[in-house]
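Shown below, as structure tokens, is a lone chain in the form predicted on its own; questions about how it binds or moves come after it.
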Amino acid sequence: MAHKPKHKNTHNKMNILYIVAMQAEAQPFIDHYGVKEVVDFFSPLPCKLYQTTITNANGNSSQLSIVLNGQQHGSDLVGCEAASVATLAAIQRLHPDIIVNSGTCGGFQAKGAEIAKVYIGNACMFHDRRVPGDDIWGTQALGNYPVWKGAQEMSESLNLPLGKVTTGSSLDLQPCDLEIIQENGGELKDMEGAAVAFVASLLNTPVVFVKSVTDLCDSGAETFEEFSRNLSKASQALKETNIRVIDYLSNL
């Protein structure tokens, strides 16, 4: 039996909220659905909202809201702080049934990652919050926030691999970060996932991750160059997967 998100809206319409950091990551599926921006919805915050209603082949309708972190100083706001602000504002204003944090990530060749391979995240944690002290402080620092219980079933239905998301505030990977990732079974390295899950946990909202690999953390390549080279390809793969994910969620 599918693990259904709790419906808070009327007429059984699924209310799906996407949280995405970068315009380039979201634009392919924004264009696919012809989603229009709701201008200044979050003003004075920089977050951007794109919203539409989708009806799938089975006649099931969903409200699709795509929220971007926005921009400051001419560039996309990436990282945990911007993702936390966008997630909090979006939950409070849009009251979603489920959050999908969609974006690009780093992966590990040793664990089967390939460029533009898309995963469903079934667990998440922080890898760069090094807080000394007892187990209580350490547990809070790592996070290990709950992920939607239907993640595994969705991955099986869509034939997508599962992976544990680990989050940090920097694009590069320091040896101390890698040690934490390896100790905790991390497979996908991003800059937003655990921050989204942290806010979602405070407001009791299910969250799941859709992540596409732009760079291989153990390839020896320079991270930013590899990320930049593969961003478009990984974002196209995200689009194709998100179409399937949205259709799947609409049928729950």
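Sequential numbering from 1, following the sequence displayed. As the structure is a computational prediction, the values presented were derived from the model and not from experiment.
What comes next is about the form predicted in complex with ligand SAH, which is not displayed.
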| item | value |
| --- | --- |
| Answer range among 194-202, 37-45, 211-219, 57-65 for contact with ligand SAH, defined in the model of the complex as heavy atoms within 4.5 Å | 211-219 |
| Contact residue in the model of the complex, chosen from Val78, Leu162, Ala89, Leu158 - any heavy atom within 4.5 Å of ligand SAH | Val78 |
| Ser170: touches ligand SAH in the model of the complex, heavy atom cutoff 4.5 angstroms | yes |
| Proximity of Gln27 to ligand SAH in the model of the complex, heavy atoms at 4.5 Å | no |
| Interface membership of Tyr33, ligand SAH in the model of the complex, 4.5 Å heavy atom rule | no |
| Partner proximity in the model of the complex: Ile19 to ligand SAH, non-hydrogen atom cutoff 4.5 Å | no |
| Heavy atom distance at most 4.5 Å to ligand SAH in the model of the complex, all of Cys105, Asp190 and Phe227 | yes |
